[in-house]
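As structure tokens, one chain now follows by itself in the form predicted on its own.
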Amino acid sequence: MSIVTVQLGQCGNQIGFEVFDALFIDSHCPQRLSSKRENEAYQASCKERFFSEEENGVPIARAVLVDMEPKVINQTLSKAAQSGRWKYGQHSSFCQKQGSGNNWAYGYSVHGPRHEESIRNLIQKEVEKCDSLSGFFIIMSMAGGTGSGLGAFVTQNLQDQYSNSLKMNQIIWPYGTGEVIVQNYNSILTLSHLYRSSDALLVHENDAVHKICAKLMNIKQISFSDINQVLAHQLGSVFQPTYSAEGSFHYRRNPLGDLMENLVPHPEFKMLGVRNIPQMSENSLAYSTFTWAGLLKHLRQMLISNAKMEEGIDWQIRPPLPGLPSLSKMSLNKELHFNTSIANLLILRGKDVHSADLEGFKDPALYTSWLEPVNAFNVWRTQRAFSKYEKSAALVSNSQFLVKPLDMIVGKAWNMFASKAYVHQYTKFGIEEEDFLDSFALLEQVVASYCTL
């Protein structure tokens, strides 16, 4: 089954390019660990998901590119074409001459309705090229105007038009220090609207990815391109094919459906995060060896201590003992120490993948009391290595990892709203104070629900 990717705004288009490039390079990477037949099955499965064939043999990304300014889309189209590996479709992009000026309301209430039909037609054409549609993967930021405002509008539209297809939004959480004065308003409006129309929100925090670039990849001058490549690596390690229950050579057919089934057991809880291990520069990789026991021990501790990378993990944090009140049941004001999960999906790739011991992830103490570990924990595997890593693991979690950042963004937005700062910039484009209040109410409910796990 195929996934149609919708790239929105500057951020969505730049990340989208890196994701397709990472998927393509990985699926054509020479592999010692897998047989020729297995490699071919893997390639075919990746292609069915993300690329369609063209006459001259260059695969075309199953993607629609949308931005309200032409510069980034033009750069993205030409970068893909120049790579010689794959490209975007000739008529798969839509852009205008004037952006949204970091105003969510302008993206949502002006650009959205004005260009609704053109964007809908582009998506429709892309859907028609799929033999079977698994759903939509929508890449956007939540701090600006086009990605966030228009992104929320497009997602809502997809929900109305393709109500039976799954929608997963990949959201870039802004830097805490802030790039845009109104980013907290834009963020709460984006999140609250997506909570109503998307099936799952896969969240990456800019601050966390920045740290990975600095500490693990040893990059001195970190650019957006570096950050986007780390994101693409993480997304590739989740979305590339893995075996279905039938075993080798049989790859899962419905990636989005399987992800949702394993990770979103209740519509109140749809925030997902990704951790992966190992992640390092190519220079370091040449001198490193890994065991499954070591990788999974670190990954489990990253999960329960809510660490985003394997460096600087807090090893003091332990799961609560049965019978004792869990730390996470405390109020938000006290630090959330132990990160309780609703569901975890572990994706293992590489050598001796069937020998990995997963008992640590089946501990009931890791999960909320209303789900048994047998329902809350799943594992996918393939012997085919990902990228240049002989062994690698990705963990997609539905857990309390966003409680603090979400509570902070809601708090900062509320403080500005209480003094009516910048609200007029939104009301003049039809977003009323009532819409803000609805957003606050919905997100405070989300924070409260995750706190009670």
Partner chain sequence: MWIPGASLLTKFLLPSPLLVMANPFTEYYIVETQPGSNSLLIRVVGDGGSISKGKICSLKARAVLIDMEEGVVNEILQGPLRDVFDSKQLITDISGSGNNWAVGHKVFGSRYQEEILEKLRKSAEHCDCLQCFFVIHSMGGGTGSGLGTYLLKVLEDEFPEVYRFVTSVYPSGEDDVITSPYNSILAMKELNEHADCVLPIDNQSLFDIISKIDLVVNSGKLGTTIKPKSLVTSSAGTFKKWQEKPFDAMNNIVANLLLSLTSSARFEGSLNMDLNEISMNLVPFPQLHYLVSSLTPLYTLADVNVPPRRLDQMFSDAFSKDHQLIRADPKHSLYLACALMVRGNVQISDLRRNIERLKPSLRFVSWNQEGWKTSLCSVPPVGHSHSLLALANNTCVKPTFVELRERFLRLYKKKAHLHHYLQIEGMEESCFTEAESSLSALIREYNQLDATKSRPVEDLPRLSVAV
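Bear in mind that the values here come from a model prediction, so they are computed numbers and not experimental data. Positions refer to the first chain, counted from 1.
This next part talks about the form predicted together with the partner chain, which is not shown.
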Could you tell me if I222 has a non-hydrogen atom within 4.5 Å of the partner chain in the predicted bound form?
-> yes
How about W370: is it within 4.5 Å of the partner chain in the predicted bound form, going by heavy atoms?
-> no
Taking heavy atoms and a 4.5 Å cut-off, does S35 contact the partner chain in the predicted bound form?
-> no
Give a yes/no on whether V72 approaches the partner chain to within 4.5 Å in the predicted bound form, heavy atoms considered.
-> yes
Looking at 379-387, 92-100, 191-199, 291-299, which lies within 4.5 angstroms of the partner chain in the predicted bound form, counting heavy atoms?
-> 92-100
Which listed residue (I227, V264, I172, L346) meets the criterion of a heavy atom within 4.5 Å of the partner chain in the predicted bound form?
-> I227
Run the contact test on G411, Q425 and F440 with a 4.5 Å heavy atom cut-off to the partner chain in the predicted bound form and return yes or no.
-> yes
Those residues of 432-453 which, in the predicted bound form, come within 4.5 Å of the partner chain by heavy atom | L437, F440, A441, E444, Q445, A448, T452
